[in-house]
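Before any questions on binding or motion, here is one chain by itself as structure tokens, the form predicted alone.
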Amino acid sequence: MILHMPGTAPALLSKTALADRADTLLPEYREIIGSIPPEAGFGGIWESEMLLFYAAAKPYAPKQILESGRARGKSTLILALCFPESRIVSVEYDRQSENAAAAEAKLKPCSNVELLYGDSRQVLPERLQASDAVLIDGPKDFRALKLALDLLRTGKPCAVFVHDFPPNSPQRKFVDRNWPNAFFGDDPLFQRFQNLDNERDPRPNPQRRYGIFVCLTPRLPSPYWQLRMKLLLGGRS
């Protein structure tokens, strides 16, 4: 997650502040997602992970939320219900996939959702407006970091979240080396919220995989061109 709100963002997005706000919002959030039928076993972003997005973005009341990669649309539906006053613009790459049809059917009743298809690396910069919140769950790995960095460079987003940064992955090691103040969604402070997933997962003895959000510091720790060059070199430095 990358935030670019000079002055206010650091205090709002510290690990402790985010965990405390998630605790406060948990009853409200649980009620909101209660209307969504459980849908486990398809991957995507878990409810406990989306709670972190909700807790982080809610103070900014974004008029628009951009989502890159919606799969079967569960995260998109959570965004639509949690932010009913926001325009949710969701971009998926493959129009022909089975997931695309499932997402379209699920999101048809949501009047505040706009479903697009295409390459998010082209679409998101074109649709980005001031104070948008952004959730990136595709493209993956270093391509996702490049997209996040390019969006952050504009100074427009209030929040940019990037999913799929598991321990020991190359992209996570890159963040560990280059963002000294970064933290991740699997921080012990957030693990208590996984009880939400126990409630939402109907499978007996499930083995859940968490993609894990990366939460980057509000200001770039190095000049944009330096970070971009390191990413172009494959994240080795």
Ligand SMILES: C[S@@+](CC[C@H](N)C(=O)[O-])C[C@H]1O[C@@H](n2cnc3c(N)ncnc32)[C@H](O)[C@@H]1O
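These numbers were taken from a predicted model, which means no experiment stands behind them. The numbering used is simple: start at 1 and walk along the sequence shown.
Heads up, the form predicted together with this ligand isn't pictured, but that's what we're talking about next.
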{"item": "Single option in Lys146, Arg87, Arg127, Lys140 placed near this ligand in the predicted complex, where near means a heavy atom within 4.5 Å", "value": "Lys140"}
{"item": "Interface membership of Cys82, this ligand in the predicted complex, 4.5 Å heavy atom rule", "value": "no"}
{"item": "Distance check, Leu51 to this ligand in the predicted complex, heavy atom within 4.5 Å", "value": "no"}
{"item": "Partner proximity in the predicted complex: Gly69 to this ligand, non-hydrogen atom cutoff 4.5 Å", "value": "yes"}
{"item": "Contact of Glu98 with this ligand in the predicted complex (heavy atom, 4.5 Å)", "value": "no"}
{"item": "Segment assignment from 30-38, 189-197, 60-68, 170-178: heavy atom within 4.5 Å of this ligand in the predicted complex", "value": "60-68"}
{"item": "Residues in 111-132 with any heavy atom within 4.5 Å of this ligand in the predicted complex", "value": "Gly118, Asp119, Ser120, Arg121"}
